[in-house]
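Listed next as structure tokens is one chain, alone, in the form predicted on its own.
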Amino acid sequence: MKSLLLKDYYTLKKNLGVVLLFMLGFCCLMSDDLVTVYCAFYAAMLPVTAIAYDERANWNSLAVSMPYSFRDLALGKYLLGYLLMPPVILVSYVAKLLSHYVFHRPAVSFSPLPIMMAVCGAAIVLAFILPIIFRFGSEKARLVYLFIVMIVAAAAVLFMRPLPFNVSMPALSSLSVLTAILAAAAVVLNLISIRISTAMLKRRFR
């Protein structure tokens, strides 16, 4: 598994530095708390980029002849997404600090609940997207996963923006319960998704 993750890291290495710098600048220009959500969702999309590179190089056709199981090949992409979320979110908070001290924007809030909710939401998106991509390929599934991301991002915007008609945001205890529900849903959906992705890879390459 370590070798698969290293392979994906070296595949994305050339673009990752440029992307992180771009995101740093993007986050500095935006003072919105939704930046963390955007960054988490972007990290969840990086495994899709790795899969697209694999398809161009016909990697999976070679990998099935190596001592890797289909479960290893599928699980590696999930782990890649999980491992990339923390550093990408960290970049967003570094950018918020720079924006606060350089551009005098509002102070940074380091509440763990929004971070957990963003990570759980991104993990749920990953659980829905990867089986589709493993079944149909990155090109055919591109519109599908963009549609899923747009729906989830729109839901996050509606939830985190001030609500109309003087409707107040849920209390902290309610947010804690919602975060726990999202975390449980993310774990269950990803466990199911990994099994489905493994089956999709078997069906595609046998």
Partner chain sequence: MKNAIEVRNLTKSFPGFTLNDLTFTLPEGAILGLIGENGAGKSTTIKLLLHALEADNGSAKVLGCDVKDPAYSAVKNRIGVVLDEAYFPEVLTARQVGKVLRHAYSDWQDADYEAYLNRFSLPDDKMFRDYSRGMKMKLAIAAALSHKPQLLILDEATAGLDPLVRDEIVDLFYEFTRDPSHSILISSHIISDLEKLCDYVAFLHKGNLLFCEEKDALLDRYCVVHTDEAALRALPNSAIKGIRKNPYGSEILLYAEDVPASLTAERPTLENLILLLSKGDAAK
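Positions refer to the first chain, counted from 1. Not measured: the values here are computed from a predicted model.
Same protein, other form: the form predicted in complex with its partner chain, not shown, and the subject of what follows.
- Proximity to its partner chain in the model of the complex holds for all of 10, 59 and 68, with the criterion being a heavy atom within 4.5 Å.
- In short, of 132 to 140, 69 to 77, 90 to 98, 113 to 121 it is 69 to 77 that has heavy atoms within 4.5 Å of its partner chain in the model of the complex.
- The closest non-hydrogen atom of residue 14 lies within 4.5 Å of its partner chain in the model of the complex.
- In the model of the complex, at least one heavy atom of residue 64 sits within 4.5 Å of a heavy atom of its partner chain.
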